[in-house]
Structure formats: C-alpha cells, structure tokens
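In structure tokens, the next block holds one chain alone, the form predicted alone.
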Amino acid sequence: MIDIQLIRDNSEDVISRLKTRNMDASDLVNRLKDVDAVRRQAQKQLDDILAESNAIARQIGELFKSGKGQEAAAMKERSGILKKEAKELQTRLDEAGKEFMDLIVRIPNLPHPLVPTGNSEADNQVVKSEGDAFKPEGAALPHWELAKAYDLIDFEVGTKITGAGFPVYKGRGAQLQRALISFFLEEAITAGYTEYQPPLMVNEDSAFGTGQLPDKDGQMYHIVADNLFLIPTAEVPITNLFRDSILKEEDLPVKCTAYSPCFRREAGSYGKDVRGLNRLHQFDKVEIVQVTTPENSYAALDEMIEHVTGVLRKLELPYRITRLCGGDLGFAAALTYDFEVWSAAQERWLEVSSVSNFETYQSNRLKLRYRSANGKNVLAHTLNGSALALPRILAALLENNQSDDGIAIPAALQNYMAVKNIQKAG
C-alpha cells in the first residue's frame, strides 16, 4: 500500500510516476486527497470533543463534591451535547475511513525509475543473456512427449483425479522433482537463507498484507467455508511471519527460504503456450524472501539476482534476464526482473523466476517496521524471488538434455538422483 504521506506531499509526482504503468491516476489520487482531508479533520474534531468531554466529566464530579449542583447540571447538559456530536463525527470518520481504504488499495506501487515504459511482456528489456538458444540434433521432442516416452509424468491421470493442470509425477519424474527441490533449498541455505515450512493456506489478512487481495483474488483458490486461501507462492506466508512486527536494525537483513506447492487458478489460460508443464494450477517452487532497510534493499535485489543466476548456471541451462516494463509490472512491485530459460523443443523462452523489490508497499500493509539507530520505527523494504519454480525448469531440462542415449542429468543434480541418465520406459 502506498504511503499516504507521499500523496500529501507530492501528489503530482505520484500521478506522473504511475503513467509508467499506463495508468491515469489523477482522479483517483485527487479523490483520495479529498477523503484523507475529511478523515483527518473529523479525527481532529473528534479528539477535541473527547478531550473536552473528559475534562467536563472531571469538573462535574468536583462541582457535586463542592455542593454546586446547579453548575454541575449545566455541565451535564453540555456533556450530552458533546456525546451527540461525537457520535455524528464517529459516523463521518468511519465512512471516510472506509472510502479511504477502498481508494488507497486501488493504487499500485510506484515504479522505480529503471522500469521501462511498455504495454506487455513484449516490451520488457533483456538485460542479460547467457548460453545459446539451440535445438538438439535430430528430432527434438517437447517435454510432454518425453514425459510419456520416459514414463515421468502422467497428465491424463492427473486430469482424472483432479482436473487439467494437476499432473502426476512418477518414477524418475518424481525423483527429479525431489532432486530439484532439495538442490534449490540447499543452494538457498548455503547463501544464508533460513529454511521454513509454512502453512499452505492463509487468512484474508495475510493475503491482503502481501498484495494478493484485493488485486489477485480471481487467481486464488478460496475455501469459502473457512475464508482461507490456498497460497499462490510461499512468499505470502513467509512475509507474513513479520506482520505487525518491529524488528531490530542490527538483525537485518532477514533472509528466509521455503519450499511449497503453489496453487493458482490461472483463469482464462488456453492455447499451445500452456500445454504440458507450461502453466499449471498446482506446482512446486522454492522461494527466497528478504526484509531489509531502504538503504540496502537494491543491493539485496542484486544479491538475489546473482543467487538465481548461480543456480541456473549450475543447471547448465541457457537463460536470460528481463526487466519488466510498466505494463507487465506486478501491482505491488517497484522493480522486477524475470528469468527465462530456453526451451529447445518449443524453441522459445520460458519464465522460471521473478525477483522483485516491493520497497515499503507490502510493509505498509503488514505494519512491518524496524527500529533504526536513532530510535525511530521505520517501514522496512521487502523483496522476494523464485529460486526456482520447478515446472518449466523441468521442461527445459528434459528438452535440452535429450539424446539417443536418454536424458542426461546435470552434474549438480546427480547426487540427488543417483543416476546420470534417464532411460526410456520399458
């Protein structure tokens, strides 16, 4: 949630920066300013009335004690008037407060100056590329055909059990999934992240705190009877560990990692680009999260980018990094870098990670602060990244490493797999 002080101090700059997101926020911001003014004025008037009421209550007691009943009665009459005014002001304050929240949650995070203008992922900037896009010699099979030929994944039985987008991994496919999860977690732990195993469901406050609600409610699986949400990423429960917290500056940065299944409805996703593992409703992912100071958050972002880069290098996958444009930038993010790996058989880049700095957008919702050296409570900066999402990594590993001899396992995973090469079934 954007800091209201930014709008009070420089609303024109807020409106200008949101244009990078292709958003004309002038009416929204100006209405928010007006409602904020009403809210603040009502609060001041209410505070003044309550202070006067408290003072009168003390005076009434003293007047009765001193035998001045007539004066005390006049004071009681004044007290009754003040109570009525306080009730009316409280109603006005509640109405203004509700409209204030309805408006402010509609304003996305302000994009960082590095965010390029653009309308969609086609306008994202490629900032780094390593490894060559290639096609294996001979016939390159897509991963969904390889999964069937090598008996690794059963998409049909997953559809029978649950529905499309819920595959069943089996045999070497299940082992490869487990190997990737273990490898990703070990890499994160080695990099100084503390491992957590969070709940897979969160309440409404948690989903609001990290920005999933109300912006992404259509993408989340909602358990109506309990008003709980299946997590779309471990970022949600992990970041909420620190909701309503005041951390010590000397304890920052806080670095967390977690493996979890992730659940996304992905409504409206159709076509060839969602075939196989390309887009699922349930998938596995290892997440990294940092909480740090504003001064250090962009150094932390660079560190997280280097971490993901190192993992992809060890998997020997061609990859590229893109800086998201304003039209593709997530609602809560100030700056995001996506990682994409090359899919040899599909001959296209597949997104496998997003690494984002949210600055104070999440922490303002979460009331996540730290006590600075001068004793002030300051909103922290939060960051998160996929390190990594498994489905498209697995797809690229299968497609890029296929040969007549089988599917080669990268050296980094061989200790987890106990085989160097997956052979065809039967």
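Just count from 1 along the sequence shown to find any residue number. Rigid core (definition): largest C-alpha set, two forms, superposition within 1.5 Å. For clarity, every value in this text was computed on a predicted model and none was experimentally measured.
Another form, the form predicted in complex with the RNA, is not on view; read the next lines as being about it.
- Though the RNA is absent from this view, in the predicted bound form it lies within 4.5 Å of a heavy atom of just one residue from 83, 128, 106, 135, which is 83.
- Figure note: of the listed segments 25-33, 388-396, 366-374, 353-361, the one touching the RNA in the predicted bound form, with heavy atoms no more than 4.5 Å away, is 366-374.
- Contact check at 4.5 Å (heavy atoms) against the RNA in the predicted bound form: none of 6, 190 and 243 pass.
- Residue contact with the RNA in the predicted bound form: residue 54 places a heavy atom within 4.5 Å of it.
- Looking at residue 38, you'd find every heavy atom of it more than 4.5 angstroms from the RNA in the predicted bound form.
- At the 4.5 Å threshold, heavy atoms of residue 87 reach the RNA in the predicted bound form.
- Within this chain, residue 76 lines the site of the RNA in the predicted bound form, having a heavy atom no more than 4.5 Å away.
- Relative to the superposed core, residue 77 undergoes a C-alpha shift of no less than 2 Å between the shown form and the other one.
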